[in-house]
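The chain below stands alone, shown as structure tokens; this is the form predicted alone.
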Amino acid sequence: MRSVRVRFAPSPTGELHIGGARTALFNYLFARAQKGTFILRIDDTDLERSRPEYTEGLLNSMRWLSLDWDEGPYFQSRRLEEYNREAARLLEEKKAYHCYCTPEELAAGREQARKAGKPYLYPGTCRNLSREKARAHLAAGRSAVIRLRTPDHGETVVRDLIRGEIRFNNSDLDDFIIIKSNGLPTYNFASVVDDTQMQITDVIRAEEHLSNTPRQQLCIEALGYEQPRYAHVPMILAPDRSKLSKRHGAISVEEFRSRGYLPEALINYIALLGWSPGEEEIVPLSKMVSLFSLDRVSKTAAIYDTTKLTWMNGYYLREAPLDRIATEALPFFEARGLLKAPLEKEEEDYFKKVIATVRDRVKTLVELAEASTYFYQEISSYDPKGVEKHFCKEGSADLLRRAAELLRNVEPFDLDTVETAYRDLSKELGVSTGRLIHSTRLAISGRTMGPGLFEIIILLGRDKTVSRLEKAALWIEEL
């Protein structure tokens, strides 16, 4: 048996979206599980829409997701001679022919088919064109495309590894274009030439490409190549089961990255869009390799649900090594003006302490930075609902001043001692510990929720905590 060789072949006409990332992931996992080769190919023959920045973005997204390829990237735009050489061979073998039909003539045929309520199929006008007629067309300035001569009868059978056997009537497949009038190959033809020359054994791709497969198989048959195996993975639909689009929120890898998601969470999430590893939901990439098989890929559409992704991201945010999260989080802290890289040793140590304190209660790196602002910036406002609940009670200012006095003098200034002193103070004052704790939290963070109060106090330090308590007491009195 041939060694497994698979490819991911995105077009650089936009950012890598989650559907494309999932296709890349399934190819990667299949190659690794089969001890095969994962190839990256850039299908950039759409010269009008392809952009170098999109190519670089695709490569960066792949690297960020840790989907390392073994060969490539290969670029179709650098392989035009190969496509033209193979097309010329098909012309010589009478398996393809030049077509001189004008856009106007083809449009008229489509309109006629539309009125008849039938799909348009090219009628083979130029299939048996005489040399004289061809020369006349050329003399008249008509440009030519190259069409594949397809069978009029019989069936083309696609034996899909996920969907089973699918039959297509050849009478529904016209003589389709393989080389356009500008000399560039069509998608179906370029893919076939590349897949065969790169010795691709398995083509794993999205379900929407299934309709291309019979045409590609006919191209392979005409060229005399060995057919690869095909596997078409299910579509990803929006929660309302409509086609996924930007109106449903972030759909590109780069968008998720900019919103503070970790690559391992995104990989874990998209793996479960159409593939089942069993009972587990948290499955690291390394473990996926040992579990992955096409037998576990569903035939039915997967439903996109960012709630589950965000939950997964929170899990990985809590479980990942602190140094790793610090590296990922730093740009988000910089974006909020909290820090500026490179960090001094003291800054870095404090930064990691802040992350360790906050990360259990947030789900993205954006939330992590937002939830950490009061460790770096002075309090400019207090949560309005918190003010009504905790600051508007009689004696609130005095309560905060007593807390400030306590913290100014407590020794040693550590977690256990501060907590014990706080509980003793609440008894002394005859108030609930909860009232003292909630009022203090609002005073020193501006918020009603967050990490443990005593962790916040120790991390802020004695001076900053006391200052904020006194400032809040004054604010209450002025209110």
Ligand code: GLU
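All values derive from a computational prediction rather than experimental measurement. Position 1 is the first residue in the sequence shown; the rest follow in order.
Below, we refer to the form predicted in complex with the named molecule, which is not included among the displayed structures.
Stretch 184-192 is the answer when you ask which of 77-85, 271-279, 184-192, 118-126 has residues with heavy atoms within 4.5 Å of the named molecule in the predicted bound form. Proximity to the named molecule in the predicted bound form, taken as a non-hydrogen atom within 4.5 angstroms, holds for one residue of 259, 95, 402, 209, which is 209. This chain is drawn without the named molecule; in the predicted bound form, the residue among 163, 363, 147, 205 with a heavy atom within 4.5 Å of it is 205. Contact between residue 457 and the named molecule in the predicted bound form is not found at the 4.5 Å heavy atom cutoff. Within 4.5 Å of some heavy atom of the named molecule in the predicted bound form lies at least one heavy atom of residue 9. By the criterion of a heavy atom within 4.5 Å, residue 419 is excluded from the residues contacting the named molecule in the predicted bound form. Contacts of stretch 35-60 with the named molecule in the predicted bound form, defined by any heavy atom lying within 4.5 Å, are made by 43 alone.
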